[in-house]
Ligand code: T1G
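This document starts with one chain, in the form predicted alone, laid out as structure tokens.
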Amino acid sequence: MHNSHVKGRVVRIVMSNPPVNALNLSARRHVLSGIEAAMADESVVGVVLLGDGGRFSGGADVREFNKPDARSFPSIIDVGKAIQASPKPVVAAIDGVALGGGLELAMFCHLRVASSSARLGLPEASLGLLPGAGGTQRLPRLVGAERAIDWMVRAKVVGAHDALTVGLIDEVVSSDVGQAAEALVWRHLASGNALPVAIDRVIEVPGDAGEFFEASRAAVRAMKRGPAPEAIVDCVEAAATMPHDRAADVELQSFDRLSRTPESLALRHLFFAERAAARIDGLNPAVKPLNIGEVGVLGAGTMGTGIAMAFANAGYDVWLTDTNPQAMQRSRAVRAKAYESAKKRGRMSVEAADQASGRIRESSTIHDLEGCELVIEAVVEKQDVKEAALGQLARLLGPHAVIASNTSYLNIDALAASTGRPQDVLGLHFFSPAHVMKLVEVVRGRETSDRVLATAMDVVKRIGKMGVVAGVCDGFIGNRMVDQYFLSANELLMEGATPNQVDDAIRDFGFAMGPFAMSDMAGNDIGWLSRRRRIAADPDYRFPAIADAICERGWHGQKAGKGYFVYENGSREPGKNAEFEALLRDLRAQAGIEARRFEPAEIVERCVFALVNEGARILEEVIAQRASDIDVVYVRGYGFPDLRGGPMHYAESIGLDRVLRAIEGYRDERGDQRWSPAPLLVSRAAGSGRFDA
């Protein structure tokens, strides 16, 4: 509605840089020239800033970081200052997302309108950075210091209604957000009020400011998320206690410093690595994925139950089939408990949890899967059992159905050959618990068709998972590498380390769990079965004696109350296992090994460099498409610290020549060909110093 006393028009400046309207140099120039033109045009009374394609802006262009364009005029701050100084109202019309620099630009605007589905946040901490375009200065003024710090250090993204409640935005609409923003311009002009400028507001700090910021620093230090969270607190404190210009300089210098830290470089590497993982080498670009409707899961054990929930949670109708009524009964109890927990913790609304649960239909016969377009077998990890199950599915399912095996180790080519239709078969290696864990290794068989591979990657993305393509070998990418990691950890035990010393060193490096607590949690018998299978195929295969010795005694980990550690009265907390330590001493004596002391640095080096060396072999054999895919697998599936970027990135960051020298040293010192350096590691250390071209 126009005010009769104000003549003129409201112009729209549209940011258009698909897919998320990132604020690269050309986008920033476009907005600034639009603002300058609007200020110079006497017929213009106000401006609406909005994004093309149903999105406001996903923020700065990460590809520009540490490059000349990032520092070229105009920066987001330059554009923002022009908006802030405008004598004519500038209203941000936020649709879709306003994240990072996108939200920072919106906070320079005088007023903000958002669609009811919009999501807003400053998630730079997830890249080891802080909001560097005035975000640490303006967000605390709009929502208070305490909430601003919490949102920024946790990289929190909030919905429009929450943003309205705390004063980040001025209005939420379910109609056209551009029209609503124009109407707000006219209403403001009619009010005669001064233009609200976020930077002029006073920051609300709970209690004594000095005490509050000290407590905040202590709290974020305890998060162990690198230097970014503490720098965020420092910048908010500067905003609350210093003149604007000085506080803005603190933010700018902090951003600059953080952008060069190993943590930020690692997190930004993973950001690009996850996007690169979706690109499939050699796939015909004309091939389109199938539209999957109904999904079948064969086997209602731990994995099958989790996989069924993952699909049901994403809106798929699922048939969950098992001939064993006890297995189905256990599955039903597990699902009920998981959905109840999701409701209690606020992870799912009551309605969403009930709907997801209702999408899983139980069946005791494989014939109910006949109409499914994708079926994942999750039966016991034995070649003959899986071959029989897949053979049945191949005969039952329609000609366009995708047949997947959720195997952790087994040969997909051999499994596919048993079906008579190998082009329709591939591996989908989910990680436990499958409805929670993000990673899925998508295993491309020798005969897997492009259509089937494209469909699998598409459906994995649709259920909110991270798909990484792997080739066929024992254990694919992740488990093949973890075998060498675990072998190194057990060697350390045989040579004098204790399980606590190894786990503590690995945790201090940044892993959530050490190798022995992890093995006890997963079940030590899983690795034991794999080793027995490996020895049957390759009589020369060797593994430190301690790993099999504990399994022979039934010490299978948490479920047995005893493993590398002891678990009293059903506790999940590992305690010292005196019987284990006595067994270890006996095995050392039998092998003629004299125990020695280990420093944490050597423990970490032997475990992590074993991963790197095996990763280089995997890359050389083209089991992984690229080194960054290996990093994604290891960070998202095996708990490698994201602040170190994955094993391959970490090796590059400390120098491949250093890694190579250490590995050659272990080979020469031990006379063990397992420590022979991968040829790719040798050539890359002498050349580019990088695994990927």
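The shown structure was predicted, so the numbers you read here are calculated from the model rather than taken from an experiment. The first residue of the shown sequence is 1; numbering continues from there.
There is another form of the same protein, the form predicted together with the ligand; it is not shown, and what comes next is about it.
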Item to check | All of Arg221, Pro227 and Gly514 within 4.5 Å of the ligand in the predicted bound form, heavy atom check | outcome: no
Checklist entry - Counting only non-hydrogen atoms and a 4.5 angstroms cut-off, does Pro679 reach the ligand in the predicted bound form? => result no
Next on the checklist: So in the predicted bound form, is the ligand close enough to Glu124 to count as touching (4.5 Å, heavy atoms)?
Outcome noted: yes
Checklist entry - How about Asp642: is it within 4.5 Å of the ligand in the predicted bound form, going by heavy atoms? => result no
Checklist entry - Using 4.5 Å between non-hydrogen atoms, is Leu130 touching the ligand in the predicted bound form? => result yes
Next on the checklist: Among the candidate stretches 492-500, 369-377, 325-333, 131-139, which one is within 4.5 Å of the ligand in the predicted bound form when only heavy atoms are counted?
Outcome noted: 131-139
Item to check | Arg63, Arg658, Arg667, Arg29 - the one with a heavy atom within 4.5 Å of the ligand in the predicted bound form | outcome: Arg63
Item to check | Among the candidates Phe598, Tyr541, Trp528, Phe272, the residue which, in the predicted bound form, approaches the ligand to within 4.5 Å (heavy atoms) | outcome: Phe272
Checklist entry - Which residues, if any, of 17-46 lie within 4.5 Å of the ligand in the predicted bound form when only heavy atoms count? => result Pro19, Val20, Ala22
